[in-house]
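Heads up, the chain below is alone and in the form predicted on its own; it's given as structure tokens.
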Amino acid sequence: MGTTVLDAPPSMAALFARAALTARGRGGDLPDARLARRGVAVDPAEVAAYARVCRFPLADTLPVTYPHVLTFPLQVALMADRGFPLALPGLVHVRNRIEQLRAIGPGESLDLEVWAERFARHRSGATVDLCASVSAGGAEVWRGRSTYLARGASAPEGAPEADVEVDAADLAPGTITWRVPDDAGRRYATVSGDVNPIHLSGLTAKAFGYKRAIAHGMWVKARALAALTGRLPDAATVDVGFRKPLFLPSTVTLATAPRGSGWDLAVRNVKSGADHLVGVVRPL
């Protein structure tokens, strides 16, 4: 199959509903389909709302994590399709890698493209990578790779081992403390479109086996990077692993340490000391 170009972003609520209705009986290999949008204009009001929720200051460039918000609906459309081998409900985001080749201006016309690759074996099931590319003026400016785990699923015979670990150093205890409120998932869903039920309320999260709602991993990543505003390279790799779920509400700490021209970082639970996120920032 080739690339299907969409005129508008698909409805996230409709996609999650379709994925829930078609979750049973999936299997097979990854489809070779790609989805794209061309000439996407960023809405300044939506960027400002995202920046407020994630604590980025308003600037003349997009937050490094914002292109994920633009490409995520296309990735969900791929996963919600009946031909995708893993059921979207219950997928766990375990790793996210962003490569920003240069800072992106909010007035640039962007081309988006997404696809799935690397169906892999994991000790708890199977993983798949949802990949995204963003271009401006015919040149790639940003790319992302989100690794999702399907617990209890099976990868095809001969599939490689999953690659979910981030090579980050052990850090001293964090000095920045956040109180994450119980509505953090709903607030991020409003600005990102990610209305996965595990993030919205305790009631909907329990339907998928969680004791309480959990924070979006990409919100945790964005909030950590926002704390480093002004100290990040314009061209950088930001690679994080999502460890223990961050249940809402919670209190966490952010630990950071400079590594050359980059950073190592970790978000930890105040009570248990467990890592919710570990990651590295490195210049390209």
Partner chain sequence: MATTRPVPGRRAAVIGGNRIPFARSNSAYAQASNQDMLTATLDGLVARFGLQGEQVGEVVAGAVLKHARDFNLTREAVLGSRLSAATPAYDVQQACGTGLEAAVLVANKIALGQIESGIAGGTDTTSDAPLAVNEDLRRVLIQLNSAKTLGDRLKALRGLRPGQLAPEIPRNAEPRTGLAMGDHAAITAKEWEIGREEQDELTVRSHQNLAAAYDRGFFDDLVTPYLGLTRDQNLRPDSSMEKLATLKPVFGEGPDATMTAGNSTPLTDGASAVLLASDEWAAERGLPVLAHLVDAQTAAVDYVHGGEGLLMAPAYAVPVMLARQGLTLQDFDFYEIHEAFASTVLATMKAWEDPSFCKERLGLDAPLGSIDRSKLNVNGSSLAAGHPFAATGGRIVAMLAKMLHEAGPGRRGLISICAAGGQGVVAILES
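The shown structure was predicted, so the numbers you read here are calculated from the model rather than taken from an experiment. Positions refer to the first chain, counted from 1.
The form predicted together with its partner chain is left out here; the points below concern that form.
**Student:** Considering non-hydrogen atoms and a 4.5 Å limit, which listed residue (Arg38, Arg231, Arg26, Arg259) is close to its partner chain in the predicted bound form?
**Tutor:** Going through each option in turn, the one that passes is Arg231.
**Student:** Test of understanding: in the predicted bound form, would Lys244 fall inside 4.5 Å of its partner chain by heavy atoms?
**Tutor:** The answer is no: Lys244 has no heavy atom within 4.5 Å of its partner chain.
**Student:** With the cut-off set at 4.5 Å between non-hydrogen atoms, does Asp60 touch its partner chain in the predicted bound form?
**Tutor:** Within the cut-off, so yes.
**Student:** Would you point out which of 27-35, 244-252, 46-54, 216-224 contains residues with a non-hydrogen atom within 4.5 Å of its partner chain in the predicted bound form?
**Tutor:** Partner-contacting stretch among the options: 46-54.
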